[in-house]
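Okay, here we've got a single chain as structure tokens, the form predicted alone, with questions on binding and movement later.
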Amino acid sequence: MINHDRHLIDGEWRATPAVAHTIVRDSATEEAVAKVSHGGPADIAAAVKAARSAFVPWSSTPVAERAAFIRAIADQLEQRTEEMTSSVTAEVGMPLKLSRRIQIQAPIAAWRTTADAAGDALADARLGNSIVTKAAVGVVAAITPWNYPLHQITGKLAAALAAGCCVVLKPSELAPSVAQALGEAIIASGLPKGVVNIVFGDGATGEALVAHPDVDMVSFTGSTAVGRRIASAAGQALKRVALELGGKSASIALRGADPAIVARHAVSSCLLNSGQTCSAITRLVVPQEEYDVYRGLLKTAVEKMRVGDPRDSDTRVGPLVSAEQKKRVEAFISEALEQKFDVISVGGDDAAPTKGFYVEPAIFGRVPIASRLAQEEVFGPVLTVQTYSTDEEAVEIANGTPYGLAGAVWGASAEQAQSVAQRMRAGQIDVNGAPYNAAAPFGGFGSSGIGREGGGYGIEEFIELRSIQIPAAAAS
């Protein structure tokens, strides 16, 4: 069993007495694979002190040099691709071939994309007799979840470094291995000491980090409930916040869309990472008169999604991250069955393994918009189908939750679908299966959060604007 018993503070791994521990279990076998020592207030204080000491020299480093360090970290991460892939598959449960591409290779590419965007994002601007400059916000507390551990760290850390910030990272205690690998990559890259610090721990560790008076900004990804608490605490101290929170994203199938393509996409999106994706399509909104067509296609599509060992090349749906998460998802399914929603599918032909944190995919139809299943984030392999009579009603249903993270629209033409997408209250909307764009801003409306990540937009979250007024004669 791996012991994550040291924290990266001021450029070195330090072992300190743990205030508590977390045992990490292989999601497919339930075997203990790691032990994480939680950092306490003293570790947080040391990490923040190191970040504060490093801030002035790092923020004064030319942007091009900071970008070079970001690329060097990407190069070091790339050398650790296979070990990180294996650890994410064990800890989170995503099938191995998907973990390599989505969990590891895509974030590494994002480090480089962020480095490329830094120059333009941080350039000064002239506005009349003013020069508008962009200054780093300061010391950033980055708190990240377990479902896409490297991706979520990258969205915060690479952008903050580009902006000139120093960071104290508190990764999830349920998926610690990529953070350990990242710390080793940071040391190998030659990044100056104290610029990035990593303290392992749980919610109590995160609370100590948020409360520290020398933290200027908190960037958090996780549940909406925790995000509200962080925003409240940060607000009392007038600290900047960026929050990427939950979602209940809808896909609208307009009349004229191809039901077979729409159904396959909905099932694939909903079941990616066993539903443990904040931006997953978890609601499909279809024309009332086409419900039976979609019902049959969805049933066929989900029954082709093999549930099993994530290390098996034929597996499409792996286990959930923990026994607690499995219990939570199963409670949603049981409640839906009790409420007698139309059961399109609950479990496929092949039973899931009895050992491991598996939940077989479930699809429920004609689900009322006010029901808990249609309103709350399940974070598991559960798809809800709703019907509409008019396009206006479809948009109303899609916008009818507190969330607004992502969505999709399908139509006979891109123009038709784009017109509806403009009316959806969500931060990122795909039209007719358009590919993901890592340089575009990602973030949510409403209860899905505050701020954006990705490309130059993500860098801007970590800057303060400064206006320098110059004499009119000098400005001419």
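Numbering starts at 1 and runs along the sequence shown. Everything numeric here is computed off the predicted structure, so don't read it as measured data.
Form predicted together with a small molecule: not shown, discussed below.
In the model of the complex, residue 147 approaches the small molecule with a heavy atom inside 4.5 Å. The small molecule in the model of the complex comes within 4.5 Å of no heavy atom belonging to residue 319. With a 4.5 Å cutoff on heavy atoms, residue 222 counts as touching the small molecule in the model of the complex.
In the model of the complex, none of the heavy atoms of residue 347 sits within 4.5 Å of a heavy atom of the small molecule. Proximity to the small molecule in the model of the complex, defined as a heavy atom within 4.5 Å, holds among 139, 104, 336, 230 only for 230. Proximity to the small molecule in the model of the complex, defined as a heavy atom within 4.5 Å, holds among 290, 202, 184, 391 only for 202. For the candidate spot formed by 377, 405 and 442, every residue has a non-hydrogen atom within 4.5 angstroms of the small molecule in the model of the complex. Partner contacts here mean any heavy atom within 4.5 Å of the small molecule in the model of the complex, and among 188-196, 222-230, 383-391, 129-137 they occur only in 222-230.
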